[in-house]
Structure formats: structure tokens, C-alpha cells
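First, one chain by itself in C-alpha cells, the form predicted alone.
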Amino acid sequence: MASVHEAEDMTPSFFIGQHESKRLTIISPHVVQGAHESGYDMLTSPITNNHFHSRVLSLLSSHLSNLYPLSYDATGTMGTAPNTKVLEVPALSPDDTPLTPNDSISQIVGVTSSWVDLCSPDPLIADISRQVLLLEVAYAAFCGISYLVIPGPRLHHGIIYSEGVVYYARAIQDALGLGPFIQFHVWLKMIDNTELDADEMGDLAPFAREEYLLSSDEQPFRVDAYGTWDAWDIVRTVCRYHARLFVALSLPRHLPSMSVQLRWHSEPVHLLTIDATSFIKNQKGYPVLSKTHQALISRFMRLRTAPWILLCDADPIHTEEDADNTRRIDRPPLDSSNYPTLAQAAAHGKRYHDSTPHLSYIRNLQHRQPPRSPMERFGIGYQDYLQAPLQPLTVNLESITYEVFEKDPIKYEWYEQAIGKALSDWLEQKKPTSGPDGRVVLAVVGAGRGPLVTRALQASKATGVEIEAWAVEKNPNAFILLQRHNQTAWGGKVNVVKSDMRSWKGPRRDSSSPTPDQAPVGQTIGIDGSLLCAPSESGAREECSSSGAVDILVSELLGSFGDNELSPECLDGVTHLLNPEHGISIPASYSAHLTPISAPKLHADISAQRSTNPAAPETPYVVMLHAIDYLSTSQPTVSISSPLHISSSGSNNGGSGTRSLTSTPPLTLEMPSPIVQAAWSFSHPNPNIPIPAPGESVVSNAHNVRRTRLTFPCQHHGVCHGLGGYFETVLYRNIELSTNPVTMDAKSPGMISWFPIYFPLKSPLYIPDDAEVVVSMYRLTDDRKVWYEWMVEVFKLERNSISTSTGCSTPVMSDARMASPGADNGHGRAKQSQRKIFGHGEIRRVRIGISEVHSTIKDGCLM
């Protein structure tokens, strides 16, 4: 039976709080206890009360009545000394706040005043609002409040739109310095919809003087899907992606498009607020959420740091005192005519009154969450966690690192299938072998703890093709374990060699073994008709032994970008041992793939490291990308199950996939597919390895240099924080592995051995609507190490003024590939590149942004 801890890891936990926008009750320990008894984990409390609000309004009214009319000076500005008369908001008094430091303060989420307007075009209103905010933050910090919710910026002031967000951001920056131990949550709506905005009695916004408001007959637009995200982007940019700045996201009754939902999914959302009006009634009259809301909540609850949930103005808090008051209500005496019948009494007794139906529904939704998939359970703690890539050539890995790789349920199964198919083909095609006794010589280079050796032996047994197995490993500690495995598990069937694969001389042959002339024709082969002798420890040639060829060379040297752990260089050093006519390399080829992504959390984490690690912004990181947004996507072509991405696991040998199901029928949602393009590829054996020049021992590595320049169309505006890197590999024939999000489910579903690689940008690049992101990347070498260089450009696509719009919503593309070349679409059709335009006029590209050239030359992979 699973432990309690394991059971908790299987399904996400919900932490649910209660918020009342007009709360008058002082949150005392008694009230907090009542909330816990009702099933809530926390409560919100305003920092100040109506008394303080009224005091500020009185001061403002008195101040406005004493001001002189506004006037422009000779330079045409109103920012003059006569127009600037400051109103100072006095300090808080005991009558101004319901908060008091006590034992329950840790259960309280503070909420600042919503009636202020930090974005007001009137500097007087904006300054008063800023003073109120800072007074509230200072007192909240004194009381020990750890979590503070600040209502988001007001974006509309007549026809003025989003002009004051920078003032709001500047105030938040000051607040962050004033509350050093507070986590700040900017309370934002998912979309900007003016129909949902309404001034309430006592708001400061209507007090803005007309001279600061633009007058026009134009009607402001009503809905901007990315309007509130744009405001958030300004706030977090001004605050430099502060580690204590988060989003409290309000879920509307009708959710926006999936692209908007995914954008918020990539942001640091630590609170989801659900108003009572966002619920709908089911057939029995109980409040429920739509299937799309359920799907969204499920996605957020799969994040590494799952957000808390605040139910707003939904269910009141009932304490024992309230129950006593209810019981003391005077009821009129019942006469005989008022007594219920037996049937009525029985029906009444069956009724159950739920005083917190919204909370009960959310708790029920929690219990109906599907358990975490194997990939999710494996990835707990790894989501969006930055890790430096391995350097296995220069560092001997520890056993725990190998163990993590070996937990993969797919990779080694696929390797075994590839080896089995190669052995079967060898037998069917009657290829000659390199073994003196007719066995196929199979070498696992970089054997680690030996999982591939085990799989090779199993494949040999399953196919009936005998092999001569060799395991080559340079790690002296892993070599000890390989020897033990050979004694205990492999029955002495494996030749274990301690050597760097590039220095290995090949399988050792005794002089008594059959020579090429003596061996049966069609069963053995030497190297160019001769057997080379290997030097002894003293350096002398031995008469009794020589080196042979390898028929099948197996390796697992791939990194998160395919070649980033120097697989090409390692295999180049051992390729000369491969049977020159029939030799097989597993893997046979691999390719690197890229796509631009928005990853604010990763950017914030890297920025926090810059003071201690200046190279952090130019370091590619291995990371389980989760809270990201793909910036370049194609129109949805397939439907996936929601509320989660449901992963199936199985094998290609007839095993059917197993799926995690919920008790609620999954909703079919169309998800945009990322455009992931191939940067370059490598194949083995490589016929273009140069021969060392006479007198030189070092082979040039110039043949492994690569470069690429890729164009990605971006339909919606956003911010590029870096590049997501993936790989695809062909192990043998049609057996493939992939981390590419477009092809991984088709080629290797459920594989967990490799996380993607992330190439960061020092400074994020803003991308407008209908733009192109152009990525230039290099793989460079100086024959001692290998490093990468990359840069990103942003182009705005503009139509010629003579062209006419067709109303097409697809982004303009400039000869960009829609998907990785060779990606299987289920029918074997290759993706075709295409150019889509809005009208019949010419398209002009205007460069509006360019990054620095990033380079890992200082910390390149040593060869």
C-alpha cells in the first residue's frame, strides 16, 4: 500500500481561501478557527477599513475645493509649481485598520484598497493613491502579513488607455522595498473587458480633474484579450522580474481563447480567484464550474508551485456564535394546521443544507483530479528547475545520476527493439560477422552501469542471434560495477574494458583465433584483411593478440540538444573500429531542434544568479520546461484530451497504452501546436572524418561545425526570454526517440531520460503581433572544446499600403518551415514550407529588436 506521502504526490493538493470584498468582520483567531472548521485554509482581510476610506475622501474633497484652476505655462505644460499642491495622507490610526498582530496572522492574506487609482492621469489622485498603498504595505509588514494582494492597474480613463501603468509599476517597486518579507500578488483579470469595469461609490478615479482627461467623440475599444497581460508585463519589467512579485488571476465566467490561457499559464500565477458569478447552476441547482474552467484549474494545479484558490463573495464564514444566534431566533408557535404531514416531514428530513456549496464543489473537484502520470511523478521538483548540462567527458558521473536515467520506461525498451531488429536483419541478410567464431560483435561504448549491455543480451536471446558483447567505460567507479554485473548477472558473457572509447583499440583477438583466411567464408572479417596487434603495457607489440572490428556499435551519448554532450566527437573517435562494409551505429543519426519561448520564471531565476555567476545568462540549461508559452504556433490541427495532457505508455511491440482517466468525461480542446524547426543533424558512421596531417596526432574537428538561421512566425505579441531546444534521433530504421513536443508522443511517448535544453537571452525581446523571430545559432570548435553561439532578431511585418486585407488571421510568414523536417504527421507526408500573406501587396520586414550574440566559449564542452 502506498504511503500517505506517496498518495499525496499522486494527486494535486488544493489550498482554498475565502474572500469578501465588503468584509466588515475583524479576522480574529476565533473567526479563523471557524473558517478552518468550514473547510477553508485561509482568509483575506482588508488592511484598512471604511473609516480610513472616509477620512481620505474628506481630505481630498477639502483639498480640491481650495485649489486654483489649472493652467498651462509658456512651455505648454501643466506640471508647474502653481498646479502642484501636495496633499499628504496622515498616518493610520487605530480606528483605520481592523488588523492586529496575533497568532492568526499567518492564516491571513492581506488585501490593499481597491478604491485607489495608481494609474490616474491626474497626478494628485495618483499621488494620494500611492501614499495609501505605501501606508497599507508598511502596516501589513509590521503586523507580519506574508501575502498581500494588490488590485491591478486601472487601464481605462476615458479614451486614455494604459498610459498610467508605469506609475502603477513604480509604486509596486516602492512597495517591494517597503515590505521585504511580503509576497506581492497583483490582482489581474484574464482579459481587459471594459464592460466588466464599473466605478463604485467612493472610488478616487472619478475625482480626476477634467483638464487631465482627453476629450474626444471616439469610443474606446471594449475588449483586449492581451490587455491585462500587457500591463503585467510592464509591471514585472519595471520591477526587474522580482522574486517576490506574483499574479493573482481572476477567472471570468467565460474564459478567453486557449492562446490567452496558455500565456497566463507561463506566468507566476500564485493565486486563482473565482467569483461566485463565475459559477453556473447544474440541474440540481448546485454551483458548478464549466468544463473549460475545470480544465484550466487542472492545468494550473500541475505546476511545480500550484496556485492557491480564493473563492470571492461566494460562501460566508459561519462561526459557533452565528449558529447560536440562529438557534435563538424566535419562531411563531405552531398550531395544528401548521404541523407537517408525515410525508412532508420525511422529505424535509432527507434534505441536506450545505452552507458552503462553492467550497464543497471545489473540494469535490480536488478529489476528482486524475493521479499524476509517471512523467509528472518523475518530474516533481524538476519542473522549471535549471540544471547545468552534464560534461561526461571531463566528469565521472555518480551512481545516482546513472540511476535517474535508468528509470526511463521507454528509452531502453526502444534500444532493445533497435538492437533486436539490427540482429534480425543481420541474420536475414546473411551479413558476414567480425567475430572469429561467427558471432556478431556488439560493443556498448560509454556503458555506464550497464543497462544497454543488459538490453543487448536480452535482444540476442529474443532473436536467437548470438553476440560477442563488449562494454567500454572510462569511469573507473562504473567499471567496478560493470565487472560485478558480469560476474553476477551476465554470466561472464561480456568483455568489460576500462578505456575512453576514443582510445580503445577494439576487440582483442588471440593469435589462435581463426585468421581471415582460415575463418569460414561469409562469417568473419578482419580490418582490411589484417588483424592489428595491440601494444602491451610496456608498449611492445604482442605476438599473441590483435584487434578486431565491431559489427554493431551502441551508445547513449546524446544530450538534451542531441550533440551538446559531444556525441559526434566521441563516436568519430571510435568509428574506425566499425565494420567498414556492414557496420551499424545505434543511434544512426540525430538532429537538434529549436523554437522561441516565453519563460518568465526561468528568466527571473537566471537574473537572480547574475551577481554571483556572471556567465549565467550565457549558459544553456537542462530544464523540464513547464511554465512556458510557445511564441510560434500553427493553427490547431488535432484535438487533445483535457483537463490534462494525458500521456500513454507502452511499447511498439503490441503493448497498448494506458491512460489516466478522470471521473469527469474529458473535454476536447484544440491546442495550438508549436512550430519547432530542425537546426542541424549528425549521422554515424560519418564518412567525412578527416585524416590527420602527416606529423600531427590531432584530428581536425571542423567537420562537426554547424550553423543555422531559422525564421519563426509569431501571430500574437509576447516576450521572448530564450529558446527551447530538443532533439530527435533514429536508433535504427523506424525506431526513433524524440523530445520534440511536436513528435515525442508519436515516437517515444512517456520518455523521461532527457529534459529539453534552454538557451536564455540576457535581455528579453518584445514581439508584436504578426511578427517573425529569426534565430541564428552556431556550433563551433577549436579542436579542444565545443561551444554554442546564438542570437535572436525580431521583425515586424508590414503590408504595402496598396494591398488589401483579406481578413486572414494567420501570421505572415517569410519562408519559415511550419514544423521540423521529416516530422511524421501520421500519414508519412513531409511538412511543406509555405508563405502566407494578408493580401496581394508586398510584405516589408522591419527589424525592431535584436539580442546580443550569446556564447558559451568560456565554459564550452572540453573534448
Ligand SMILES: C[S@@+](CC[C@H](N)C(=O)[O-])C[C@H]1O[C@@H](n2cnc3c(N)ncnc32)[C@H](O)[C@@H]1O
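The numbering used is simple: start at 1 and walk along the sequence shown. Since the model is a prediction, treat every value here as computed from it, not as a measurement.
We do not show the form predicted together with the named molecule, though everything after this point is about it.
The site on the displayed chain is open: the named molecule, placed by C-alpha superposition from its pose in the predicted complex, has no atom within 2.4 Å of a backbone or C-beta atom. Heavy atoms of no residue among Leu99, Trp115 and Leu178 are located within 4.5 Å of the named molecule in the predicted complex. Scanning Gly446, Pro153, Pro764, Pro674 against the named molecule in the predicted complex with a 4.5 Å heavy atom cut-off leaves one residue, Gly446. The partner is absent here, but in the predicted complex a heavy atom of Leu557, alone among Leu134, Leu386, Leu557, Ile191, sits within 4.5 Å of the named molecule. Heavy atoms within 4.5 Å of the named molecule in the predicted complex are found in exactly one of 581-589, 404-412, 460-468, 702-710, that being 404-412. Contact between Asp551 and the named molecule in the predicted complex is not found at the 4.5 Å heavy atom cutoff. A residue is said to contact a partner when one of its heavy atoms sits within 4.5 Å of a partner heavy atom; Asp437 fails this definition for the named molecule in the predicted complex, lying far away. The shortest heavy atom separation between Met791 and the named molecule in the predicted complex exceeds 4.5 Å. When the named molecule is considered in the predicted complex, Asp500 lines it closely, a heavy atom lying within 4.5 Å. Interface residues of 759-773, taken as those with a heavy atom within 4.5 Å of the named molecule in the predicted complex (partner not displayed), are absent.
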